[in-house]
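First, one chain by itself in structure tokens, the form predicted alone.
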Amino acid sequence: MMTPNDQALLEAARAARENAYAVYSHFQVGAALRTRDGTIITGCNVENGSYGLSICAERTAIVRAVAMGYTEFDTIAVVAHPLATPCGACREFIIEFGQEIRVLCADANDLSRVQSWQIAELLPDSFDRASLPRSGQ
């Protein structure tokens, strides 16, 4: 069920999408991340002529959040046209911060077309902190 806070998050992601630097793919994506205290931090995709150096909107938002001192998130919204879900690298990046993070994906042309998951549903059996051996063992 979509709440007014979810709708605000989707709107923030759609606004961030307008700043995307998508000169190669022309596929603009915006993301908005909500921290546990309700702060919204946005990101957009930034492409590079050396394609592997491009960064997705989801990772941009998370990197900005961490740089601002946030590491606890409850929801990330991703807006593109057509609707798209986070890529595999972004799924791994999101799940680093919690299995329970909600992922909302919407079509930029119609924010009522929303799909919602927990990140663990999008990335079952993920490689996370628990997958790493503990030092000294």
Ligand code: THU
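Note that residue numbering begins at 1 and tracks the sequence as displayed. Everything quoted here is computed from the prediction, not taken from an experiment.
The discussion below concerns the form predicted together with ligand THU, not included here.
Asker: Only one of 56, 111, 104, 65 has a non-hydrogen atom within 4.5 angstroms of ligand THU in the predicted complex; which is it?
Answerer: None of the others qualify; the residue that does is 56.
Asker: Quick one: does residue 87 come within 4.5 Å of ligand THU in the predicted complex, counting heavy atoms only?
Answerer: Judged by the heavy-atom cut-off of 4.5 Å, residue 87 is in contact with ligand THU in the predicted complex.
Asker: Using a 4.5 angstroms cut-off on non-hydrogen atoms, would residue 25 count as touching ligand THU in the predicted complex?
Answerer: Within the cut-off, so yes.
Asker: Considering only heavy atoms, tell me if residue 29 and ligand THU come within 4.5 Å of each other in the predicted complex.
Answerer: Because a heavy atom of residue 29 falls inside 4.5 Å of ligand THU in the predicted complex, the answer is yes.
Asker: Looking at 78 to 86, 65 to 73, 34 to 42, 95 to 103, which lies within 4.5 angstroms of ligand THU in the predicted complex, counting heavy atoms?
Answerer: Of the options, only 78 to 86 has residues within 4.5 Å of the partner.
Asker: Going through 96 to 111, which residues have a heavy atom within 4.5 Å of ligand THU in the predicted complex? Please give them in sequence order.
Answerer: Nothing in this stretch is in contact.
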